[in-house]
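What follows is one chain in C-alpha cells, specifically the form predicted on its own.
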Amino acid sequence: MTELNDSESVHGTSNLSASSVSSLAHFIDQVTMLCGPTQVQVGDAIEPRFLQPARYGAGRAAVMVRPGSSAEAAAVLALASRHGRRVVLQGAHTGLVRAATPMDGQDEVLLSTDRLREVFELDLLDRSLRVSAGFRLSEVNERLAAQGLWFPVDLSADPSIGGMLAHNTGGTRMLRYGDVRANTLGLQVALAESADPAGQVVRFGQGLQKDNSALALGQLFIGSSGSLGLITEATLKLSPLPRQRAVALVAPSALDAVFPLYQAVMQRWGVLVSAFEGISRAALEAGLHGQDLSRWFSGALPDYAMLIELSSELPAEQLDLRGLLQGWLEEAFESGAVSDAVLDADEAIWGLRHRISEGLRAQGKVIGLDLSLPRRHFMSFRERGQAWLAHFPQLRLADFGHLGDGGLHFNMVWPASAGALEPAQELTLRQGLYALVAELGGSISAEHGVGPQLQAAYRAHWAQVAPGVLDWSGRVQSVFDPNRRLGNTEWGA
C-alpha cells in the first residue's frame, strides 16, 4: 500500500513507469467500453467526493468507475482481476475508518456503487425489501414510509445500503432493533479472484425469516469492510414505523446512578425503550454550539446526561408514552436519582445529539474512538481513560454513546491553538486506550468497521486477546481474495 509523500503526485499518474501507464491505459480503455465514458474518471479528473472521507485526509486512485448494474459491477471485478489491479469498493463514502477510501494513485481502481439501483422490490406480506446496494438509507425509508414501514437502523449519516452491510452499522436505535446483521435476510455478492470465472455473482440466502438449509455464508460479508466481495443487493427485514415517540434528556444525580436508572427503565418498559444514550457535558456543549443554552437545564448543563426514548406502534390514545415517561421522571426526582430533565422537545433533543460530531470538528482535530464495552466496565473505562488523558493536557474529552448497547464514542479534540498533533503522540494516545479496552473485554470498533485507520490496532488487539482470530480471519480472506486485491483491509496476522 502506497503512502502519500511530498515527491508523489496526489491524484495523477505523473510518476508511473511507461509499462504501468500502458497497462493502466489498456484497463481504462476496456472499462470505458464496458461502463461508458461518462462513468469512468482518471487521475486528477476524479471528483473530490470520491476521494475525501468524512474525517481524514483525501485519498487517491488511478481510476474511478461507476458500474450501472450488478452484471456491470461483476464484469469490472473480472476485468480488474485479469489486469492484476487492486479494487477498493465504495458506497456513499460516509465511513470513518477509510475502508472505502483508495490509497494508491498508481494502481488502485475505485469502484463506486452509487449507480447500483436496479432492484427495489417490497414484499408487504413478508415485510421484507429486496434492494440494490446503491440506494441511500434516506431514500429507502422515504419510499417505505407510505406503507408504514422502515429499515430501522438509524444514524446521523446517510449511507448506502451496501456500505451499511459492509460495516454492519448499528446506530442510535440498536437497543431495540439490532444492527444490520440482525435485519438482513439475504445477500447477492459479486466475487473477485476466488470465483471461476472471476466476477461470478452468487446469492446467499433466500430472503426467509427462518432458513437452516445451508451454511450462513452471507454473514461473512456483513462487516467485512468490502474485503471479501462486492455486495450488490440485499433482502432486508423491515419494521413498522412507530406511531409515537417520547424523548427526555435526563440529568442523573450522580454518575453511579446512570446504570441503575438504565436497569429501572428496561425492567419497566422493555421493548418500548428504543434508545438509551449517554452524553458528557463537553459533548452537550458541542451539540448546542451557537444555540441559546437557557432552554436546556435552565442554562446550567449537567456533567452527564441520558437521552431516553420510548416508542410504540400503538397510538397515544391506547398507550400514552409521554405520560409514562413523565410519571417515571417524577418518581426519579422524588427518589433523588434524577436532578433535572428536558421534556417535550423530541426533535430538538435528537438534533442536539446528531450535531455533536459537527460541533467537535469546529473545535479542532477530532480523535474518535468507536468502542464497545461490557456495561459493568463502562464507567470504569471512562474514569481510567480520562486518567490516561492526563498525559495529553491539550486534549479535551467529549464522549457520548449508546449506553443501552455498550457503545461509546470516546471522542477527543486537539484544539488548533495547541499546534499540530504529532503522529507519535496520537499513536501513544491510542495505544494506551486500546490496551485498556482489551483489559476490560471490549471492542476497538463497535460499528465503524476495520479499515486502514484501525489496521494496526486491530492486529495488536487480537494478537493480545485471541491470536487464533487473526489466523482464521486470514484464512477466510484467502478463500475469497487469495491475491489480496480487494479492499484495503487485511484480516490476517
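Everything quoted here is computed from the prediction, not taken from an experiment. Residue numbers here begin at 1 and follow the sequence given.
In what follows, reference is made to the form predicted together with another copy of the chain, a form of this protein that is not presented.
Can you pick the one in 81, 357, 188, 372 that has a heavy atom within 4.5 Å of another copy of the chain in the predicted complex? Of the candidates 81, 357, 188, 372, 372 is the one lying within 4.5 Å of another copy of the chain in the predicted complex.
So another copy of the chain isn't shown here. In the predicted complex, which residue out of 397, 217, 345, 255 has a non-hydrogen atom within 4.5 Å of it? Flagged contact: 217.
Out of 67 to 75, 374 to 382, 279 to 287, 110 to 118, where are the residues with a heavy atom within 4.5 Å of another copy of the chain in the predicted complex? Selected stretch: 374 to 382.
Does any heavy atom of residue 106 come within 4.5 Å of a heavy atom of another copy of the chain in the predicted complex? Flag for residue 106 set to no.
Residue-level question: is residue 465 within 4.5 Å of another copy of the chain in the predicted complex, judged on heavy atoms? Yes, contact at 4.5 Å.
Touches another copy of the chain in the predicted complex: residue 138 (any heavy atom, 4.5 Å): Judged by the heavy-atom cut-off of 4.5 Å, residue 138 is well away from another copy of the chain in the predicted complex.
Contact with another copy of the chain in the predicted complex for residue 365, defined as at least one heavy atom pair within 4.5 Å: yes or no? It does not: once another copy of the chain is placed as it appears in the predicted complex, residue 365 has no heavy atom within 4.5 Å of it.
Whether 235, 392 and 416 jointly form a contact site for another copy of the chain in the predicted complex is the question; each needs a heavy atom within 4.5 Å. No, the candidate spot makes no contact with another copy of the chain.
Judged by heavy atom distances of 4.5 Å or less, which residues of 384 to 418 approach another copy of the chain in the predicted complex? Residues within 4.5 Å: 402, 404, 405, 407.
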